[in-house]
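Take a look at this single chain, the form predicted on its own, given in structure tokens.
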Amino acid sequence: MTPMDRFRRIGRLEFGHYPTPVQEMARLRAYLGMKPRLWVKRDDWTGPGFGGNKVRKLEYYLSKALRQGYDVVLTCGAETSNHCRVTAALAAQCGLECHLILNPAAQGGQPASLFLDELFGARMHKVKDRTERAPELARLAGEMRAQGRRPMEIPLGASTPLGALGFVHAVSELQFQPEWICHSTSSGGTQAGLVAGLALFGMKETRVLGVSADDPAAEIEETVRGIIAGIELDLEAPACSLQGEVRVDDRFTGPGYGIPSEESEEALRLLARLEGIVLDPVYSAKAFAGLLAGVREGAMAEARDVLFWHTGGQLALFSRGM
């Protein structure tokens, strides 16, 4: 059995609306004076939980949860977490109890995602900061096991070899091969899935640029390579056969995670004004700022097609009283 055969046999729920559209951004291209054609992959339209890239990853995790008899899922993130919101939405669709370990949002207030977490029926456990999330998740899961329950612990962002398979699958939706794919990267699963997927589907010439939302480039690059190595093990693929060059640009993190920067504000307003497409301030606006810099610096000048992979998250622009 080949790695492709093994990949196709791994269980996956089909809650998202696929393939997500690819739109050309001709007005923005003209404004920037770009030679390459400029496209956007609308993963903000994946559907459940107000969409975003996390839907693809969680389809694999929750398929495993249902097949193996787990009765509760636990995961963690900030109060603005897209991952936590989508986990809560999909858990509700699956009839699974959901627990979220959440630290305060960077800019305070009551995020819209927090309201939706509650609306989807998730049980929330507040911690002081991100360093307390994983220990609290492990403690709660241990208590549940002691009570005879079967908890599934989903790591931050579902950024593991299993979760990253969502973006291996996403590569199969591409109807053309861009020279560049640019996207937001943080916990590494999206980038790992794209790099491994391009290799598996024979498109290794495409360059993937991840723009960091928070962490240093070297740290994310190491994480991405580790996740790809795990995918190779799971698919019984030869070592390094799904690896590719891992590029991370960490120049656009701004003041910190979840805090807009001058560059991300420009990117958000420019894309909305010229193409009617809304980014989010935590991830995709910073990623688009990285793409704009790449264009202006001439790094993509010789390409025919450049694709921005919109990972969703626009609810971070809004808040709601609880």
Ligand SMILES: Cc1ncc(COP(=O)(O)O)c(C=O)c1O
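Note that residue numbering follows the sequence shown and begins at 1. No experiment lies behind these values; they were computed from the predicted model shown.
Keep in mind that the form predicted together with the named molecule is not shown, yet the notes after this line are about it.
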Exercise. Indicate whether the named molecule has at least one heavy atom within 4.5 Å of a heavy atom of residue 190 in the predicted complex.
Key: yes
Self-check item: residue 87 within 4.5 Å of the named molecule in the predicted complex, heavy atoms
Solution: no
Quiz prompt | Any non-hydrogen atom of residue 312 within 4.5 angstroms of the named molecule in the predicted complex | solution = yes
Self-check item: in the predicted complex, residue 57 touching the named molecule (heavy atom, 4.5 Å)
Solution: yes
Quiz item: Out of the stretches listed (24-32, 62-70, 47-55, 261-269), which one is close to the named molecule in the predicted complex, meaning heavy atoms within 4.5 Å?
Solution: 47-55
Quiz item: Is any part of 161-184 within 4.5 angstroms of the named molecule in the predicted complex by a non-hydrogen atom, and which residues would that be?
Solution: 184
